[in-house]
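Taken one at a time, structure 1 and structure 2 that follow are two forms of one protein chain, written as structure tokens.
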Structure 1
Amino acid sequence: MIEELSGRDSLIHRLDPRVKIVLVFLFSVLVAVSDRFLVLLSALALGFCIALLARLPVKQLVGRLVPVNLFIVFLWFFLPFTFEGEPLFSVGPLVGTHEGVLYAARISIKSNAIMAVMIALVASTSILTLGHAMYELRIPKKLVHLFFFTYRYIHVIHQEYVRLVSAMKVRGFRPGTNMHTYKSFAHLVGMLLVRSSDRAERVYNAMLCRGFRGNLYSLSTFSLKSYDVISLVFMLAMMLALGVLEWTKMV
């Protein structure tokens, strides 16, 4: 949600945003359906190579990968012990299977490979440019509008949340593990929903007053350059090679 990576200058940043969206989609689908470790590790290496070309700061790249891997850590606590297969190790009464470990490893590699490419290609584009690129790719207008409004008003809702929490603290609220705390947070969520609904209605009426008819307009235009075509062909060739490795099992 923070566009801190979109203002840099690199080969990836200068790439046409429509090409970026197409590449992210195709790469994600390819990695998601792949199963061989050779293909997955190659995709992971390709993802980090793209991130290097984008000149992303290592600290920010790692910081965006940490939440994904925190979720994956929980999978490692459960998948090896719940996936049927050949026993590999045991922890007390729990038995980890060889197939479960491999399955968790595949998920880990797939997630990091897809996220690395998404961070390098999508995060290197401003939100407004990304939305207009989606519109140029004939993605339904309602989805593009939802994308724009989600980005625009999630910050507003967060500010509303901060104000409500501050008001609770001023009134002496101290969270704990008791029924009063649970009820207070339930009221907090309810107030956020009510105020979000009211704001959405006001924004909708304001848009109608300004003549909004569901169309998107942009002052910038997109045009494919030779660099964009070369990059697209190269990435498609790389993905085709990964697909050949996956389904023909040549290596």
Structure 2
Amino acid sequence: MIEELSGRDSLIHRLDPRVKIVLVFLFSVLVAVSDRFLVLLSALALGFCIALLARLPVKQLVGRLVPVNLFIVFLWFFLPFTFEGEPLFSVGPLVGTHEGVLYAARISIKSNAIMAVMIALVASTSILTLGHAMYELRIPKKLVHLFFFTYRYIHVIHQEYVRLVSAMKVRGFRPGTNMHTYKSFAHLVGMLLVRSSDRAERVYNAMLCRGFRGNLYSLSTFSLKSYDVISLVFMLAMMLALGVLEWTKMV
């Protein structure tokens, strides 16, 4: 079900995860608030460059971008026609406007640029490392611990789920649009919750036996190297340039 992309090696992989999180966050915010096409297109190019630098195979990158674009395609069916402005083209009684098309295009570029850097981040860092980095970045400890436990047990509970589904299949269960199907699925979910809560109790007791007192310790430590600082400064400069470009439009 869940495949992690990380595990190769590249310039991006060697970057400090904290730096990566901060940069991806700033980049996303910058792109989300920008409006100028020049800025957005440069950001898109920058995003794809970073994704390629992370040695992500193009096929995987595109494959991961497809689900992101489903919502965007949905919006393309509406926005060109619902925006008021100069008519550009018409489909039957509907008139597509110039402004509407531009708006939809802007959203498409923004979305893909942000997702490209996001994919580069995930592709170059394991989820557990991201958790530790979030802790270092002062995200509340409880939240980070919750993140760890949820991530850890998604795999376990998914296996449980697969087991329950095979048990249903063995007994000849065929899903369809009927009450029996819905009831069966409801009981499946219920069983999943019951087993998870039982497991939670066992896990917690086992942790108590091993001296758990609400702390998790990380074996890896992060340190900023000169390479990290150079990358950070370089990326910040790029983003500052994009920000200035966006700002000059307004004045």
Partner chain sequence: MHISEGVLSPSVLIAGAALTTAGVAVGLKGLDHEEIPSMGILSAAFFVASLVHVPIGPSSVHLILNGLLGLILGWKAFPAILIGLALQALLFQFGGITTLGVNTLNMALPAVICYYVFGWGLRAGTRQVVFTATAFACGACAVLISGVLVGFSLYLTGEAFLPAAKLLVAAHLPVMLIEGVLTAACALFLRRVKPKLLEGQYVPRPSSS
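Each form is matched to the other, and the largest set of C-alpha atoms that superpose within 1.5 Å is called the rigid core. Every residue number counts along structure 1's sequence, beginning with 1. Since the structure is predicted, the reported quantities are computational estimates derived from the model, not experimental observations.
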{"item": "Answer for which single form is the form predicted together with its partner chain", "value": "2"}
{"item": "Core superposition between structure 1 and structure 2, C-alpha change of I127 at least 2 Å", "value": "no"}
{"item": "Core-superposed C-alpha of R55 shifting 2 Å or more between structure 1 and structure 2", "value": "no"}
{"item": "Flag for R106, CA shift 2 Å or larger between structure 1 and structure 2 after aligning core", "value": "no"}
{"item": "Shift in Å of the C-alpha at K141 between structure 1 and structure 2 after core superposition", "value": "2.5"}
